[in-house]
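A single chain, nothing else alongside it, follows as structure tokens in the form predicted on its own.
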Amino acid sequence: MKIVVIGGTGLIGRPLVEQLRQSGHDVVAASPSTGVDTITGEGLAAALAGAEVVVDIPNSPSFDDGPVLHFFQTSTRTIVEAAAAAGVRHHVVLSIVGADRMPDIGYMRAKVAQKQIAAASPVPVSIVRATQFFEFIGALAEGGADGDVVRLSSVLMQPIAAADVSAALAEVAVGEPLGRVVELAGPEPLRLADLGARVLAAKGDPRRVVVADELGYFGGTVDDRSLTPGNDPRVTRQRYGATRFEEWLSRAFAA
């Protein structure tokens, strides 16, 4: 089948495109770098022509409250309108576990808005919410850098390897539309401050991590239920999400 992956050149999209192609599908990796812009609509109709499935995984160039909301609302509306016009039968949206539990974080409000637009579309939808990626822990640590220390909340998370998310999306994309939300999570709940300390140690970074729960997450208020799966942790019961953090860490910083 023909599958269009919006955001197909990114962290999740690139391995997803490769996996789907290896399975024999006709896959279009759509992004501004390949001539497809979901804000202006440029190239989108041509990319979707004859497609059965669109996987919606682009990311906003800005995380500021106004721009990120504008990006996800505009991009999602553009995609669903073009998908409906092209006769696409399945719209797969990647979102974030707990997005609706963190309304004081602008990025999460934008992802909730994305889900609402997709769910109201005439194109059958599958909403896949994933927990935080292992690959983003380093950036979260840098966001808490303060001289020779890194200040991070000890909030509970259940992060997942990006490769496991790509693999799960590949399965969802070729299946029937779910018409609901499913959640992807890694195999173990872990504390953000501990995760940050382990990444710094693996990199040989001498800075120490200091627990600062008042920082929350992206400046928002969180508790131990905010970032952990609750509705349908699909991958904890299946083969996806099996990669443990220590296993990923040893590979990521093997050099």
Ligand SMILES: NC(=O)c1ccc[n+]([C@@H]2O[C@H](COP(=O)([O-])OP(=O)(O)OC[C@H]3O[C@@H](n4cnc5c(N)ncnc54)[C@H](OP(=O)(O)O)[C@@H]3O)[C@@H](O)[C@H]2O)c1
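As the structure is a prediction and not an experimental result, all values here were calculated from the model. Numbering starts at 1 and runs along the sequence shown.
There is another form of this protein, the form predicted together with the named molecule, and it is not shown here; the text below is about that form.
The named molecule in the model of the complex: contacting segment from 98 to 106, 71 to 79, 173 to 181, 119 to 127, heavy atom within 4.5 Å: Every other range fails; the passing one is 71 to 79.
In the model of the complex, residue 221 touching the named molecule (heavy atom, 4.5 Å): Answer no; every heavy atom of residue 221 is more than 4.5 Å from the named molecule in the model of the complex.
Interface membership of residue 19, the named molecule in the model of the complex, 4.5 Å heavy atom rule: Flag for residue 19 set to no.
Contact of residue 59 with the named molecule in the model of the complex (heavy atom, 4.5 Å): Heavy-atom contact with the named molecule at 4.5 Å: present for residue 59.
4.5 Å heavy atom contact, residue 197 to the named molecule in the model of the complex: No - in the model of the complex, heavy atoms of residue 197 and the named molecule never come within 4.5 Å of each other.
Sole residue of 39, 45, 211, 202 within 4.5 Å of the named molecule in the model of the complex, by heavy atom: Answer to the contact question: 39.
Full three-residue contact with the named molecule in the model of the complex, heavy atom 4.5 Å, for 161, 167 and 228: Checking in the model of the complex: none of 161, 167 and 228 is within 4.5 Å of the named molecule.
In the model of the complex: members of 113 to 143 within 4.5 Å of the named molecule, any heavy atom: Those in contact are 130, 131, 132, 133, 136.
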